[in-house]
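Heads up, the chain below is alone and in the form predicted on its own; it's given as structure tokens.
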């Protein structure tokens, strides 16, 4: 018996996938210079690289594509998009962008300058890169429980309020904005509580600091609040989401996650001055105010997906499937971040491979082994993604070393998850399958997307 609700949908269209031979997979990963981002998707059997833009859209969303108005300015789909998202979030200004990182770039390049500091519970990779590209500093102030993989806590994505107060006291003149990521992707897809979001808002606003929510997985976070936070169980997820947004001055969202769309996102703002700055810049780099780099049909798919992602039967299945997947992996001896979050299972690599030196890039090495041994594509969240170099050239290791298995929404079945667990079991029984790596090429920013490696 499965311990989560059955899929609240029927499958009407299928896409064939193919499992190449191990020899072929070995050749493919070598050609890709041991970077799973460079593997052609058709050569991947189970793709857990990301949950961004990989959802299966509903028949309602596909039907919406046919209503696309491709007028350059003022297409009818934009007005449906604006009305729906304003109703969900409460923000005065709703500005479409082609994906979340475009929103990050447009907003932060409008309000940040070199030397600024941006506190958050935890910044994810593109957010951190956009902030650092501008010469500012992204500062993580996650609660201590969120840094311990085996710690059981209902809201491991919470901001450390004491550290936030102290950080503001020491740096107020250089803090133009603060953010909060819900759910906290880097920390395992862990939610933040409504109480913590409210208190974070109160602290920031008492110091005159605007507060922005990274809302990629706002629906999953709101569902966890309903299920885990005292006094919230009788409320709808939509009501909780609206209150959560009310504590902030705006949000940036990739609709490729909890918008259940394959492309797109938006910036939501209450401040008129920021709205003017953002839209002026957006016209230069994204497109006109009412399409933001998107086709009208994409705006419609996002609009309908935003509503579907708040359906509580869907969310029960979504979070339940991820939890069940985590139990499958634990059952074959794989240490994971607990409790499981809403969008992925995170493997604690330092516990899974305790004898592999971090200098050999153990997290990245596990992603290579998973592809080579099972055709499974995952992503490292550790040394390659977040490590930095000291002045002497030595690697400064981040406190985490995870491999994230991001589960696409409405895509895979329990049989697929059982297959992945079987591959982990095989690797766990023979950890020599995981071979160390060294970097042979890397760019300055977001190196994990295009770095190259060789096996040691």
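All of these numbers come straight from a predicted model, not from anything done at the bench. Residue numbers count along the first chain shown, from 1.
Absent from the display: the form predicted in complex with a small molecule. The rest refers to it.
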So in the predicted complex, does any heavy atom of residue 409 sit within 4.5 Å of the small molecule? no
At the 4.5 Å heavy atom threshold, is residue 384 in contact with the small molecule in the predicted complex? no
Would residue 99 count as a contact of the small molecule in the predicted complex, using a 4.5 angstroms cut-off between non-hydrogen atoms? yes
Residue-level question: is residue 124 within 4.5 Å of the small molecule in the predicted complex, judged on heavy atoms? yes
Which one, 192, 106, 216, 143, lies within 4.5 Å of the small molecule in the predicted complex by heavy atoms? 216
Identify which of 318, 304, 256, 156 has a heavy atom within 4.5 Å of the small molecule in the predicted complex; exactly one of them does. 256
Partner-proximal stretch of 242-250, 268-276, 177-185, 197-205 relative to the small molecule in the predicted complex, 4.5 angstroms, heavy atom: 177-185
